[in-house]
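Just one chain is shown here, as structure tokens, and it is the form predicted on its own.
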Amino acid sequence: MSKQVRKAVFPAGGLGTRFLPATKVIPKEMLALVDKPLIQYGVEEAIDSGIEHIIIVTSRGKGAMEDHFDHSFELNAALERKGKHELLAVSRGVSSLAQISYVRQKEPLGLGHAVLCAKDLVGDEPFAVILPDDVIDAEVPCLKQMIGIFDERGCSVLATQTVEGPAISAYGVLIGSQDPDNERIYNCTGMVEKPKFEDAPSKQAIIGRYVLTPRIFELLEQTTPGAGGEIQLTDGIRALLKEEKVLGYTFEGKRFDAGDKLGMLQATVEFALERSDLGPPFRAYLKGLAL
């Protein structure tokens, strides 16, 4: 088995109902965060982390994602004809980002099922999973940090963040203990999905980044579907824990839940403020608001 993490799976087959009516036609992953679709932030993070092959798990009505990462001959020709060379470079850059493959998830049968759909394209090697909803602003890409831990420890790594108070009930939460050699690593012995605040076994909440060994595919195939006939990734990881070591890793950076309207607005404001072209006038505008 190759020990290098070369492939990243993007589950992107969901309906995006939290953003209706916008997502009635437009895939949630194509909603713009400032001027780039959500999924492009994740793809760029993967590429900057050394990933060579992107695998996007789609469903019916998600063709806009394929078009976005493809060459647009009409657009490029129009931009070239008008002498808009900077915009032409942007358009060409998107279609040259990475080797991208697509696989269809024909039914919405859960995150574990979506990952399982990528089995044949991943093969027998470790791989990453990136949830496009989770946008992470970090000096060193979150996935690159995680791959560094995988290279060092040789086992699956789950991205986590410390969540205080009742908000922990919205997450999968790790059971285990802090690693004696690295305070950012959590030695996982189990996990609980969306526990009550008073029952949460830790403050370590799982967020949308995973580095997994290929054994997870066989375990997902053996996983009994739960509510709604869905196969959950956390159930597969629980089974993996019985055979292999799994680590939680508290990444350095700031995570935005862009699958939530408030999170999307927060990300839009903060990413815009970081831009050299937008930051100064946007900051002045915000200061002028009667809040």
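Please read these numbers as outputs of a predicted model, since none were measured by experiment. Note that residue numbering follows the sequence shown and begins at 1. Heads up, when I say rigid core I mean the largest set of C-alphas that superpose within 1.5 Å between the two forms.
The same protein also exists as the form predicted in complex with a small molecule; that form is not shown, yet it is the one meant from here on.
When the small molecule is considered in the model of the complex, only one residue from I207, V122, L220, L111 comes within 4.5 Å through any heavy atom, namely L111. Checked against the small molecule in the model of the complex, the residues A200, L116, L131, I149 give one hit for a heavy atom within 4.5 Å, which is L131.
The stretch that touches the small molecule in the model of the complex, counting heavy atoms within 4.5 Å, is 27 to 35, out of 220 to 228, 243 to 251, 45 to 53, 27 to 35.
No residue of the trio S169, G172 and R238 has any heavy atom within 4.5 Å of the small molecule in the model of the complex. A267 falls outside the set of residues with a heavy atom inside 4.5 Å of the small molecule in the model of the complex. Of the heavy atoms in L15, some are within 4.5 Å of the small molecule in the model of the complex. Among heavy atoms of Q105, some come within 4.5 Å of the small molecule in the model of the complex. Taking 2 Å as the criterion, G229 counts as shifted between the shown form and the other one: its C-alpha moves by at least this amount when the rigid core is aligned.
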